[in-house]
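What follows is one chain in structure tokens, specifically the form predicted on its own.
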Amino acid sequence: MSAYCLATYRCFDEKADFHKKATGIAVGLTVGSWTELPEAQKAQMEKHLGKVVAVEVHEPAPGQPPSERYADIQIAYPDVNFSRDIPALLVTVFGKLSMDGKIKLIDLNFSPGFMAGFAGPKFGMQGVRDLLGVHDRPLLMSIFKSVVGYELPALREQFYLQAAGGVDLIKDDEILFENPLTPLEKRIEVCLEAAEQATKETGQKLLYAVNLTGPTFQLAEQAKKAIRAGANALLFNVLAYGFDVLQALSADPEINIPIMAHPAMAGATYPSPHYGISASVLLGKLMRLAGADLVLFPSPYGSVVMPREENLAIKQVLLTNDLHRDYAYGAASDTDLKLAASFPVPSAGIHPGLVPLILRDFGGDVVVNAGGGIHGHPLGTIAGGQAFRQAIDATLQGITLRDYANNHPELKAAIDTWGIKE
């Protein structure tokens, strides 16, 4: 039996015959035409023909405009039609179709045969925890801020202050590119010196995700240059370069450090209810499949807000053990295709008063990621990191932040500044 990848679309139209629309998609994106073909040619082309799996029509609720009429359409695409890579699959299922009116790709399921071409995250959530030696709590990450135009001494000082506050990971700002003031190898050298100094004081290991940038065909060598300089993690703007580039970097045996995926450019693709690709596919399934060990995405709480249900959908596909179990259309497979889980990193506008919400929604398997919530602490950057660690400790112990703050001045100052979001 043939194997298929399944695409689910949400298609809006006031008057369309959605079943006819579904057939048009299934045929148009595979063999191009069907009814005009001679019977002998139909037999030959059958294995290439897309299949309509489901059409679920939703009429507008009372009071809603007719423009809110939509259908969720599921189409199965034969694996034989495309090569085993993410660009080929995306062009097949949504390339031309993405320009065909109000239609959004809301889910994408991969056949076992397609998934077999992907190793997934090299380290994953468990591997990152193993590198840091932290298995009993959420991780804490901080972000470089105000980096453009700064020289190495200022960068080193900012790194040290973050590390001394008790964070587990520090990442470059995604807009920090190769430049004469803070070149990659020198930046790694001074930051790792600062990390060593902080580790002697805190006893904590630390990962520094250095931003991997440059022309696409030089990225692998740039990553290896960073590793030779001592880098122990990479930050990568996946959507600017492409999922296939992430997969190539992750699959390279010489790039043996975790890769953190940044969501830059994602806002051009997922937020509209009528167009683009859903966040759970764009920042969840595809990132994990392509090999991201950690995935950043906008949180439901802070300054760049993503709806909570979309956040939880990303979390589910990053952490679930069996991405291929719901691909029941086509050939069954008993092959063990489990990919390592990717660490979810909800981001943007995070302060200590949000920690209980983050842990409520994500549990312990999350990276709490902060920029201004650390650097903007009224008692300084070190106190900013400490306040987050205190908020995490309090939440894990079932103590309210206000009660815990009575004996922890760093947390109290943070609450006085940003409050607590219930």
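Predicted, not measured: the structure shown is a model, and the values here were computed from it. Residue indices: 1-based, along the sequence shown.
As for the form predicted together with a small molecule, it is not shown, yet the points below apply to it.
Proximity to the small molecule in the predicted complex, taken as heavy atoms within 4.5 Å, picks out 289 to 297 from the listed stretches 98 to 106, 80 to 88, 200 to 208, 289 to 297.
The shortest heavy atom separation between Pro356 and the small molecule in the predicted complex exceeds 4.5 Å.
Within 4.5 Å of some heavy atom of the small molecule in the predicted complex lies at least one heavy atom of Glu174. Interface membership of Gly267, defined by any non-hydrogen atom within 4.5 Å of the small molecule in the predicted complex, is ruled out.
Proximity of Asn311 to the small molecule in the predicted complex falls outside the 4.5 Å heavy atom cutoff. Of the listed positions (Gly372, Gly364, Gly380, Pro60), a single one reaches within 4.5 angstroms of the small molecule by any non-hydrogen atom in the predicted complex, namely Gly372. None of Gly230, Pro271, Gly349, Gly214 but one reaches within 4.5 angstroms of the small molecule in the predicted complex through a heavy atom, and that residue is Gly349.
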